[in-house]
Each structure stands twice: as structure tokens, then as C-alpha cells.
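Presented below, as C-alpha cells, is a lone chain in the form predicted alone.
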Amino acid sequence: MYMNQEELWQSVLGQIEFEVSRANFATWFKHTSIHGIEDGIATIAVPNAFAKEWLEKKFHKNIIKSLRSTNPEIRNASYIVSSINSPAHTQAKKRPEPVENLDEQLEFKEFSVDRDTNLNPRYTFESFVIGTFNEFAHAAGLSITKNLGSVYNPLFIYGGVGLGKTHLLHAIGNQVKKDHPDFKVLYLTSERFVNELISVIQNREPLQNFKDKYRNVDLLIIDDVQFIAGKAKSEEEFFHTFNSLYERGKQIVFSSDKPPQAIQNIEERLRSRFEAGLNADISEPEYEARLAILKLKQGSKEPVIAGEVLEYIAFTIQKNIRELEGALNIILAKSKLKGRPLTLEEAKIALEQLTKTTKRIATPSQIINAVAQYYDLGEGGLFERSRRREVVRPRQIAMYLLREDFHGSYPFIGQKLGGRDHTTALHAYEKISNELKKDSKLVEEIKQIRGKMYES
């Protein structure tokens, strides 16, 4: 079955979404489209020159891989700056839509946001699947919508990438706007907060306008707050914004990929305020929840994916809701292309690359680099002949991970980390193993390090 350019691009975006971070996806792939395909080259329309440069330099390989997997006749891609309101775009929109619109089929509506609040109206409590992995965070979020500013202020939601934190944040904001249409609600990422502040300073604009924007709200929602760490001017402005809202009883909600105590290089006064309210974690979803999420996303849309295929996806992809949705998008796109639902064997082949990725093993270099990066040690820091705790502790954790995740022998591990004796590696492994049984902070640190080990 023929797939038009818009359907092709939505399929490509569906694959790219789980290959890059949420922030990168929202920043660089928003308002992009296929302008045309000629002689095996797809021309990608982007909204500005900055986006064009980043797609060419940072994400070209991702785009080419996804284009070729969807349409093998495409060999390469080029990029042009084209306004979303250009005549060509408008004319394309006037063309008759196919009976089955893949854009609707894949629910690719992340960009349908309210301009005043930055909220996506499709992310609601009704569409939020609840399981043991997120029920506490869900209950806390629902509770503050009924008692804005008076309980759990601030609410700090944390968990790994792709577990539904952003959905929950939008659900909180949308519920408040539904119950109190006159309330001012604002959602944004910490990256956007930082970038806006930099722009104000560089352009010598009145700082008061910036202050008023974020302090005159009833509910402020900041996503991925960990990215503000280490940016002194932004942290200072953020601190005063927090105080202004808190003192006036306005609700503040944060999300992060780690709990406050595990955020590196952040001012202690900010960390203490993050910890002052309620901290709620979202962990990895259990099988039943993963299957429920897939069924919800499938809904009543065509083609209907076989139950055994959904079960295979839920069983295979265990840690990331965004990857679950990405896998479903791939199956839907392939089914659309074939004009029928995929069989289980066809689905396994279609998801082969994804399932390989989720089961890969980190290399020793990835492990060592991730630990050094997490603990802010310079290159070679783990190899120092130092007994300082700030070096010894990370080195022990690196030894533990080299044994646990890479399955390296103790002599290999000792040699890898500065030519140490195998008994040193054995001691480190046993020490960290025992501490993990009683130290929740260490558990969280190693979880974050493992995330860094597999970052691309």
C-alpha cells in the first residue's frame, strides 16, 4: 500500500522518538516535514537555520536510518528552511487526506500544545495508565489539583527516562485548567527557562518581564529540573522564582530523572527546597502495566494489532514506556505499508534492531566513562593512586559494575583500573554489593550511572 510523504515522515518520527532524548526530540523535530523526494533524496523542511544545522550535524544518521527502514528507495536526505505557514505547506494541507491518516493512527500529537500554558491537552489523568510502578506519584499529582498550593508543595516527581513523568505533569496542569479555567498555569522545561534567561541577558531586555512571566502564575510546572544544575545565574533566578511562588502559596511541580539528593552540582539551597515538599518516584513498569499501555495506545485504530504481538512487545521491552510506544508505532507503520496486521514473526523481524538495542551489554570503556562522568572526575581520575574517598568510592563502584554488568574477571577488573590486584576488585565488588542492600541513595546512583552507560 502506498504511503504518502506525510505518513512516511510520521513513521520516521515515530522511530526517532525513542532513539533521542525527549528534550532533543521536542526541540529539533518539532514543525519538521518532508518537503519532497526526488532521485532517492528526501528533502526535509525545518522551521529555522538553527534547526537545519543541528539536524545535519547531530541527527542526520538517525534520520537516514529511519527513512531507509521505512522506504528502502531513499538513499540520502537534505535540509531546507521552510516556514510552516509557507504557501507550499498550506497547499499540501489542502490536498485530500487519505481515508486512514497515519498521523491520527499513531497519535502523533505531542506538538498540539496550548500556547498560553504549553500543555498538551491529550495528556490527561484519564489517559494515564496506573500501575504499582507509578500509583504513588499519580495519587500525589491528583491530590494537589484538589488542594493547590496547600499540600505537597513543591511536588517533586522523579524517575528514569521514558517512564511517563511528562505525561503526569501535563495531566496535573490540564486538570487544574479544567477545574479552574481562570487559574494561570505554565509548563516548561528547565532548558527553556535557562535559554530564555540567557536571551534576556544577551539582548539586554528588561529582566522584570522575565520575572513577571514566571512569578505571576498559580501553578508552575518545570520538567527535567536537573538540567539547571551548574548554571549559576539560572540557579539564582530559579531560586528567587521558587521563593516568590512558595511564599504566596502558589503550587510548584518539578520532575527530574533522579531524586534531589542525587542531582550533581546543584546549589544546596535549591536541593533543600526540592526536598521540602513531597518526593514521589516512578519506577519501571511491570508487565501488566506495559501491556495495558500498549492496548490503550492501540485503542480502536486500524489496523488492529494481534494480541500476541502486543504481548511480545510488552514482554520484550521492559524499562521504557517511550520505547514501548515507539515499538508500537513501528508495527503500525509496517502494517499500514503492507495493508494488513503483521504476524508475530513479522513483528519480531520489524523490532529486531530495537530488541537488540535494549539487550546490549556495556563495554568496559562505557562503564568507566559513565562512572567518571557521573562523579565529575576528569579523564583518568579513576586510575589515580589516591586514597581520597571522592576517588576511591567511584572506583569501587566502577569495579562493581565491571563485574556485575560486563561479567569481567577480578584480575581483568584490577588491571583495567590502574593495574590493581584482583583482591582489590573482589573487595570492591563485595563492599558495594552489601551496601546496595541497605543504601537507597547508592541504589539510585548506580541506576543513574547505568542510564549514562547506554546513552548514545
Ligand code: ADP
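So that there is no doubt, residue numbering starts at 1 and follows the sequence shown. Keep in mind that this is a model prediction, so the values were computed, not measured.
This next part talks about the form predicted together with the ligand, which is not shown.
- Of the residues Lys250, His167, Lys177, Lys336, just one reaches the ligand in the predicted bound form with a heavy atom at 4.5 Å or closer; this is His167.
- This chain lacks the partner; the member of Leu245, Ile305, Leu377, Ile293 within 4.5 angstroms of the ligand in the predicted bound form by a non-hydrogen atom is Ile293.
- Although the partner is absent here, Phe128 lies within 4.5 Å of the ligand in the predicted bound form, judged by heavy atoms.
- In the predicted bound form, Glu325 approaches the ligand with a heavy atom inside 4.5 Å.
- Remark: Gly160 counts among the residues lining the ligand in the predicted bound form, judged by a heavy atom distance of 4.5 Å or less.
- Lys297 belongs to the set of residues with a heavy atom inside 4.5 Å of the ligand in the predicted bound form.
- Across the options 195-203, 265-273, 120-128, 225-233, residues that bring heavy atoms within 4.5 Å of the ligand in the predicted bound form belong to 120-128.
- In the predicted bound form, the Cα-Cα separation between His31 and Ile222 grows by 3 Å or more relative to the displayed conformation.
- Here's the thing about Lys30 and Lys211: their CA atoms end up at least 3 Å farther apart in the predicted bound form than they are in this form.
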